[in-house]
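One chain follows as structure tokens, the form predicted alone.
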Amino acid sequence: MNIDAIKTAYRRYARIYDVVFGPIFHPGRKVIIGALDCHAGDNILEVGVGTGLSLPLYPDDVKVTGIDVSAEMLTKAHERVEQEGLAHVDAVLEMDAEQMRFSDNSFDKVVAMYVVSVVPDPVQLVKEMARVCKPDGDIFIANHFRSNNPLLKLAENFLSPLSKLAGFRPDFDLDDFLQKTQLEVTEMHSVNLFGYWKVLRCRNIG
């Protein structure tokens, strides 16, 4: 995976993303935003906001900033914010999540939905998420991780060489990810079709 491959993949996906992936991933989005335990005035960062499908789900009394590396996906997000009058969305910005332009401790909560298996360096992504999140704030991650089912694992391994074309890693391993990032997971839930994706709630110990 590299940044150019990611941009190319999501340039292809931009026109069809909402129709193809919207319904599949929607339950996970609802679980995360329901678990955020938002309070009035919370400043929330969503990493990999894409076309902004999750933006209408946030409470009206918080402030949300979304970032993404795909200009084409962000065009759709900007249209959604304008058409739906999402006043709680503070900004939608083109930005590399591994090199964010935000100051330390800028956000009360940081969310990454279906992103960690997409970026070139997931460890660096988590470091940046922890840096911009306030100490003892919450980091939420929704993602597919390698299945324990032997048949599914075989299929994931078979698809792995196509990662650059697909724009994500089908064989992304949860245990390896947690070991390398040292995330402190306080809650974990299975979501979406057949529980194939997981939502992690992590306390920011930075």
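Computed from a predicted model, the values in this text were never measured in an experiment. The first residue of the shown sequence is 1; numbering continues from there.
There is also a form predicted in complex with a small molecule; it is not shown, and the following applies to it.
Shown alone here, V31 lies farther than 4.5 Å from the small molecule in the predicted bound form, counting heavy atoms only. Interface membership of V69, defined by any non-hydrogen atom within 4.5 Å of the small molecule in the predicted bound form, is confirmed.
Mapping the unseen interface onto this chain, I6 counts among the residues with a heavy atom inside 4.5 Å of the small molecule in the predicted bound form. Among heavy atoms of V81, none comes within 4.5 Å of the small molecule in the predicted bound form.
Remark: of stretches 102-110, 70-78, 84-92, 130-138, the one touching the small molecule in the predicted bound form is 70-78 (heavy atom within 4.5 Å).
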